[in-house]
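First, one chain by itself in structure tokens, the form predicted on its own.
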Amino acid sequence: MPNTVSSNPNYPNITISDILYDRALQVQKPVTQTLAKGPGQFTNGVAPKYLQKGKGSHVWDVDGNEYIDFNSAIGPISLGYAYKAVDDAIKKQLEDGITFSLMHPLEVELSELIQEVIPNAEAVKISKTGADVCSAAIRVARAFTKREKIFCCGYHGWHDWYIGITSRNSGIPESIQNMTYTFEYNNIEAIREALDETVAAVILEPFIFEAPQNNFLQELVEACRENGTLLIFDEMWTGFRIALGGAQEYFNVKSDLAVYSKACANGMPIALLTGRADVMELFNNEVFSYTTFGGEALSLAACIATIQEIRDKNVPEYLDKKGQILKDGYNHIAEEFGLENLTKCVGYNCRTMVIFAPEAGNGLEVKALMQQEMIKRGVLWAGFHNMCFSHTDEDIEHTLSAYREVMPIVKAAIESQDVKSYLQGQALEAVFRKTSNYNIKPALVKA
């Protein structure tokens, strides 16, 4: 029998997952469309590799095993899988068609709705993916300022201007790599020193897991304004989760441009760029950024329905409340077992992350051990609590109960100094995220 959401006696049977994976290895390079969903982030030999369906906050793999899902499809599931109001909107639009030869009225309706809820949305551009709108924002910022250099902090997609500063920069000309620089979050003085007349834009995630300190975001707005540099908020994770109007609403601060995707359509592919009318005006004649599927109507309908649900049911408040129970519960359990100095749950309540101190040993091995034991207990775990509106009190209670069972196993493994021997599968692989080795020291930029 497939595993359920319970304290299962055995690790899940993943035979069909492994068969599919073997087939994929013969025809796909790479086998995953998103690194965070790939086998390198889930312990090979224990974790499922393919999911078949989802309902609410639960998912089922191809072998029929059931899990509570705290990954939320790596962000897009803000309301829940197969959420009725959104699915009904998709089905209704499907009866009339998907993509058309002219513009669709929903493009106007969605843009008007976005203007109502996003603080800086003097104008709206619709596209398909987060990387698309990030790159569109960079291009229009360069055109508006007539400058080339970019400062960034966080993850901003796969396009050349950004990925050139990561360890996966093969195939990107050195000249492009040399136009983007990274900075340390909350270090306003380093940014002020490095800003000069060559910097077109500063782009950052308003927060990842660390909170802004000493009015960092407000100070950043002022520093960019004084330098004639455009400020871009990458709100892929913060938008529609921390508040309906995203980080701009939550922190009462406006950026020149802002980009959104993930949470705004409950899983349908759509992305949004909002910003100042004078900057966005350049898309009409000077800056080219178009895509055939930008006006695809199923996603437009889903986006409108999702935002209306988030607004009408005050979803951000729900995510905050339930996420806090989970975060505080984890930290209390860690303290119970004397592990409070080795592991904790951090971040804003709508999206938290479990971290392990270096003293715990090999972080990828410790995380793999926690993962394999949580998966055994019916929780699809990757280190994050990406909250959605369908996560219930029962989900949270079960998850905390699982943590309480798993924590002594993790403690014993750490104390043995041989975590690897506790693994039923392989350790996890590292995924790049350029948030250290900052390179905007003034001497480097101005040389």
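When you see a residue number, it is the position in the sequence shown, counting from 1. Treat the numbers as computed from the prediction; the structure is a model and nothing was measured.
Keep in mind that the form predicted in complex with a small molecule is not shown, yet the notes after this line are about it.
In the predicted complex, none of the heavy atoms of Y250 sits within 4.5 Å of a heavy atom of the small molecule. A residue is said to contact a partner when one of its heavy atoms sits within 4.5 Å of a partner heavy atom; A131 meets this definition for the small molecule in the predicted complex.
Within 4.5 Å of some heavy atom of the small molecule in the predicted complex lies at least one heavy atom of G157.
The small molecule in the predicted complex comes within 4.5 Å of no heavy atom belonging to E373.
Among M236, L257, A368, L319, the residue placing a heavy atom within 4.5 Å of the small molecule in the predicted complex is M236. With the small molecule omitted here, the record of contacts in the predicted complex names 148-156 of 119-127, 222-230, 301-309, 148-156, defined by a heavy atom within 4.5 Å.
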